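The chain below stands alone, shown as structure tokens; this is the form predicted alone.
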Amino acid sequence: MPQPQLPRRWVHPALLAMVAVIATSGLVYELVTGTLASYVLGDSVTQFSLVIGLYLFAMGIGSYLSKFLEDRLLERFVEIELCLALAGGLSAPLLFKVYTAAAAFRFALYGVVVLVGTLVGLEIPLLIRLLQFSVDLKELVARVLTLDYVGALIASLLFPSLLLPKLGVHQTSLFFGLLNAAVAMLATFLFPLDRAVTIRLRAQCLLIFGVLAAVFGFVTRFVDRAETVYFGAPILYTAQSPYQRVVITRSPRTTRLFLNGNLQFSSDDEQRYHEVLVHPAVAALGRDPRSVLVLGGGDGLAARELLRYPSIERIVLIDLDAAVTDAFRTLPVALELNGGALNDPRVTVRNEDAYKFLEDSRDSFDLAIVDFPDPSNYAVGKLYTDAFYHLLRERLSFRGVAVVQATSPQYARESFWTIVQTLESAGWKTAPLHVYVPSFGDWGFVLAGGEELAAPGALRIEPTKLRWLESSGLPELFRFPRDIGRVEAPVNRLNDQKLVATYAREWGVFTR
């Protein structure tokens, strides 16, 4: 059956518009699903690897299946575009709904990836076949594939720098669904078709465009309601940064911070965590600290504890995500929690990568408070390596002391002792300690210093200034019962991050 031909004067603008949108949207859907997978399942390297592999495999399936489409190619192309608009555009909201309401996230995630990849794989072969009668085939293939690859580059640049922080993951997928629906509509104007077919296809385009536009307008409220149910408390604040989704909830009893759905603190027991994080380290230092480096801790709660010491002259706080530090500098509930610590003139907040800061800085500090999220992926895992701890030692003054948040020795025993072993391999003497925090269970830290380091016997602050910790309780913090005591563990190295896999295995037992 002869195919309708495209007038030559339309070829170049049509090709530019349609192929650019097709290529860009295809990669954006891939990035959306990869981002959601890393948010929910952790280990971004593994999740992006699986998503990319499945997506490319599905594209191959789609390309193969395209040969079985023999006639009415324009109708098939428009219908595929509309299916992609729905599947890709609704992918993020639907996956989020599955995550918050069901236990089949992996199945839904990989199903969406295969579906979207197959539809994307069908697009380009069909478009080439539609245009081959109007353009020299050699020139057509070169131009289409060039634009396809350029569109992929555009998507990879726009997604982390503009789309994710400005629109968020849900509205990004819906926006590109709308673009796919627009491409489908444009296609109906480029080829001569029967009037009845044209009317039907355009009606379908308008219907799907309208559905996606309506969801785009209401998705924020949908996500807020779903998150309120999921987090179990009214949401006070949300932000989507290039790195994570930040959610602060507040109920009559407690205020909580969640990053990518993971609880970071609860106001009804955070004092146990932060007092043990800070004050034993100051006591182990054995002198009044003047300059302190805080790595992580963008909520300002560790800085709040440090500012209880009159000797403090300078705190440099390094936290990658400005969305967190900005929130805890400005929100009334945050200022109530941290006492305005991040606005104190003695505190300097820098939003940059901690590893790069240690590489570039030549400053010296008496004390380092290392309060990173758990090593659930390789991006964070590098901050628990021997290379990182070597750099940290160079930033401490003579007889300086560091303390490292080290996950739970109860739920992730080998992970905890891997952190201890890694610190020791970097030349530190260590003094591990732990405390029970109701929101998290038994939680661990590691004091690290020179050969003179010892577990402190008394605090260097009046207990009346603290809410929970007292000197008489210090010895118990450093005692480990046999069921969480030291086990053989590897060194976590930059080129071989064993800790990430160990952490995922251990915590997976408790989160399945």
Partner chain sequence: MDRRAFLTTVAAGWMVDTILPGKAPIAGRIIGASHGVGHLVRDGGAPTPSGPPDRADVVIVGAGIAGLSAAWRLAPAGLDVRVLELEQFLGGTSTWGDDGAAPHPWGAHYLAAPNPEARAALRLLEQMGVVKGWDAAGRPRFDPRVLCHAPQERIFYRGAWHPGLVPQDELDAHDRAEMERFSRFEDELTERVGADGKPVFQIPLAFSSRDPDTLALDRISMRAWLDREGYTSPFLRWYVRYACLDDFGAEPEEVSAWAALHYFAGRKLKTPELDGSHFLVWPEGNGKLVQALSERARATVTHGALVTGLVAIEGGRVEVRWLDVRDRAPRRTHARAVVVAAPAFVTRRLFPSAAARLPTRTSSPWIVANMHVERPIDPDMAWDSVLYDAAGLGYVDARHQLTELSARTVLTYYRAYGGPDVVGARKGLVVAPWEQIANDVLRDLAPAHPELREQITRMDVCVWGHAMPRPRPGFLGEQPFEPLVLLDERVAWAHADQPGMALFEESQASGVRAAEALAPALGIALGSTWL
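The model shown is predicted, which means the values in this text are computed figures rather than measured ones. Positions refer to the first chain, counted from 1.
From this point on, the text means the form predicted together with its partner chain, which you will not see here.
Enquirer: Sort through Tyr110, Phe96, Phe191, Tyr243 and report the residue having a heavy atom within 4.5 Å of its partner chain in the predicted bound form.
Expert: Filtering the options by heavy-atom distance leaves Tyr243.
Enquirer: Considering Glu424, Asp363, Asp353, Asp269, which brings a non-hydrogen atom within 4.5 Å of its partner chain in the predicted bound form?
Expert: Here the answer is residue option Asp353.
Enquirer: Tell me, please, which stretch of 88-96, 354-362, 275-283, 409-417 lies within 4.5 angstroms of its partner chain in the predicted bound form when heavy atoms are compared?
Expert: Every other range fails; the passing one is 354-362.
Enquirer: Ala387, Leu391 and Asn495 - do all three of these have some heavy atom no more than 4.5 Å from its partner chain in the predicted bound form?
Expert: Every residue of the candidate spot has a heavy atom within 4.5 Å of its partner chain in the predicted bound form.
Enquirer: Given that the partner is absent here, does Lys382 sit within 4.5 Å of its partner chain in the predicted bound form, heavy atoms only?
Expert: Flag for Lys382 set to yes.
Enquirer: My question is simply whether Leu320 lines the interface with its partner chain in the predicted bound form - judged by any non-hydrogen atom within 4.5 Å.
Expert: Yes, Leu320 is a contact residue.
Enquirer: May I ask you to check whether Gly400 falls inside a 4.5 Å heavy atom distance of its partner chain in the predicted bound form?
Expert: Output for Gly400 is no: heavy atoms all beyond 4.5 Å of its partner chain.
Enquirer: Can any non-hydrogen atom of Pro373 be found within 4.5 angstroms of its partner chain in the predicted bound form?
Expert: It does: once its partner chain is placed as it appears in the predicted bound form, Pro373 has a heavy atom within 4.5 Å of it.
Enquirer: Taking its partner chain in the predicted bound form, which residues along 454-492 bring a heavy atom to within 4.5 Å of it?
Expert: Contacts from 454-492: none.
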